[in-house]
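Taking the form predicted alone, here's one chain by itself in structure tokens.
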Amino acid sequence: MTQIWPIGGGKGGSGKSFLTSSLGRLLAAFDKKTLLVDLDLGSANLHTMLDVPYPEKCFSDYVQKRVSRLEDIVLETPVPNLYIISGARDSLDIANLPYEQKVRTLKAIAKLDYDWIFLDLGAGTSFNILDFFLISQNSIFITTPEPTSIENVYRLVRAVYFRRIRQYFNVTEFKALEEKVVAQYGEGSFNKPDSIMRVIKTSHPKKGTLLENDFNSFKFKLVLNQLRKQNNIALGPQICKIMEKHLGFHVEFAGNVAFDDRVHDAICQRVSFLERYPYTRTAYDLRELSKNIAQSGNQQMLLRYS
């Protein structure tokens, strides 16, 4: 069974591409056929992290129908079992992906035959990004210890759940739902998914049950990247508790990844940080994180076939 893991954060510079490329390397080393899809539309650079030459084929070729199948733009990397769909040659307007192309892409990704697929998403809360998150029950949200990054990832998680709720209603229904939530819980309550869900359960019980099942099936994980010695090592679990308290959603803390100046050097030299600095704290953290992800995938497979 293919495991699809979107990876994103609310703020640029949080290390999404570094984390995606590192997880790809580690899981491919388990003899698992692994694909990385660069969906940081308009700002794609994942190929650089894998020392892949400037690609001749890219995501735009599929969007503009120069190729008919998504498989036709898959490229090999120097790492055995690791493949990439690059966006390096995409035009700047690719970020405004039309709805029809987005749906076509979502369906095509879901049909790809790999053990692991990681989606490297852009920053922010655009509908494109939210819909790529919702392609799977699994997602990895990444933040750094800075308050701005934490605030943005909090908003991103909220936006993902809000987007799922929105998908169950047409425009008229959604407007009526908003008015009912505000009438019952006051101004600002429509920004709180738990308040919306309480109203949905009473006024739209069937949709409420479907949404609750959706939310219970989500396996969202939070990674705290670039943790420095002076930072609180318990910050990640604290962020997850705040999300659960104020949003009503469970997000599992997957682990810290220590800050290391040599990450920057490895990226600039287009070499694998994991291979050049295998005994650093950061490399250890990445290996532990990959085990966490692999274990989650194995548990889901056991549940599926039990």
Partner chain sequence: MKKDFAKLNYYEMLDVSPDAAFFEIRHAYNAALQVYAHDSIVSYSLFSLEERKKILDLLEKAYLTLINAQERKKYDNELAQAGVALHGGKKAPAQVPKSIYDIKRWTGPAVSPKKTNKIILRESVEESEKIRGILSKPEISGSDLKEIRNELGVPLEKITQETRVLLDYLVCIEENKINRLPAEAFLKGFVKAYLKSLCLEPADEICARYVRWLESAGKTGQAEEK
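Not measured: the values here are computed from a predicted model. Positions refer to the first chain, counted from 1.
Another form, the form predicted in complex with the partner chain, is not on view; read the next lines as being about it.
- A residue is said to contact a partner when one of its heavy atoms sits within 4.5 Å of a partner heavy atom; Phe215 meets this definition for the partner chain in the model of the complex.
- Although the partner is absent from this view, Met197 contacts the partner chain in the model of the complex, with a non-hydrogen atom inside 4.5 angstroms.
- The partner chain in the model of the complex comes within 4.5 Å of no heavy atom belonging to Gly122.
- Interface membership of Asn170, defined by any non-hydrogen atom within 4.5 Å of the partner chain in the model of the complex, is ruled out.
- With the partner omitted here, the stretch from 67 to 75, 114 to 122, 229 to 237, 181 to 189 that lies within 4.5 Å of the partner chain by heavy atoms in the model of the complex is 229 to 237.
- The contact residue chosen from Pro98, Pro205, Pro80, Pro147 relative to the partner chain in the model of the complex is Pro147, the criterion being a non-hydrogen atom within 4.5 angstroms.
- Taking Lys33, His246, Arg270, Lys57 one by one, only a single residue has any non-hydrogen atom within 4.5 Å of the partner chain in the model of the complex, and it is His246.
- By the 4.5 Å heavy atom rule, the three marked residues Glu151, Tyr154 and Tyr161 all count as contacting the partner chain in the model of the complex.
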